[in-house]
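Shown below, as structure tokens, is a lone chain in the form predicted alone; questions about how it binds or moves come after it.
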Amino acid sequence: MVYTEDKIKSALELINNSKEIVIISHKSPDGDSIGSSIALYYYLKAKKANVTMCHPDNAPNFLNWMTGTDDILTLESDEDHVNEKMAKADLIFLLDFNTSGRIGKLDTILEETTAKRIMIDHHREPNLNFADLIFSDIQSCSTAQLIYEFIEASNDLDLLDRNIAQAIYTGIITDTGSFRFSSVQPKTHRIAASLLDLNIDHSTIHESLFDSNSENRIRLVSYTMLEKLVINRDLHTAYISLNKAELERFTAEKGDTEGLVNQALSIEGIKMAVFFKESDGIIKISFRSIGKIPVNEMAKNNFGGGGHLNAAGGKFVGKLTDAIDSFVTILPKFVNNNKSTFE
């Protein structure tokens, strides 16, 4: 059981006795990291806590509609203010990550603090020495769901309001592919129903997340699928790639490549998809799969990454072509080692 009575009591004591609380999450933010941060932020404010959100970098445009995003301080935009808040903190919540490598330069600042740490996360292989209190559930579909369960275990569901509900709902639907991934539990739908009871506009949320595209993004997606999609039918795999010049050609902004790998995975007969993106001097790699194909193992064993069974990330230091060549070389052995899951 994640939320035992003793651990919840300890967490609430830390909250009640803290003068400055900071919420941090991983770099390259997504709907779950932003949603869980904002939900916890408004919950703690409802408990009269002095709380600030400090993230490594800015949220992508498709999340900026959400109430609370303007309150997030980032190293990318306001390093001095982040340093100040982190230095004053006596309690820090670590959301949607479980190792220091996920927060970029914010890790150095975190290590210099003496604040107590509470980690709430759903990723595999948590670092059990990373926080004073750890609420980790790798079976959970999202950290946003864990935030709801934290509030529930604290007997504070009466503090839920529209802002908290909207943020939790956003985190859940983005990390579950709108409830279609295998990580969705019966309780996930019950939580969603309770959030709808708080009068959130689920239709508008979906439109803001998935149906609000710039012309440049539509052209980038079209180009990628037409010109950069490679399919290996024998190995049930597809991959796509974008180099720096191509991203610049379409004036790509943060978030514009979100979901590309899932489009490749949606092709009939494809069971694993990979996206290679040239970024900041490295190649960022996104892995997706269906069924029991463990793309997290490929990411961990070959590309210094990790993640969930069906959704993982990694990186390659070098040229884009070399990253793709490395993947293509590894792929047949990976498929053979997991032959039953690809059949």
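All values derive from a computational prediction rather than experimental measurement. All residue numbers refer to positions in the sequence shown, first residue = 1.
Only in words, not in the display: the form predicted together with a small molecule, which the text now covers.
This chain is displayed without the small molecule, yet in the model of the complex the stretch 306-314 from 306-314, 63-71, 36-44, 49-57 comes within 4.5 Å of it by heavy atoms. Against the small molecule in the model of the complex, the set K228, K254 and K277 makes no contact: no member has a heavy atom within 4.5 Å.
For S289, no non-hydrogen atom is located within 4.5 Å of the small molecule in the model of the complex, even though that partner is not displayed. Shown alone here, K85 lies farther than 4.5 Å from the small molecule in the model of the complex, counting heavy atoms only.
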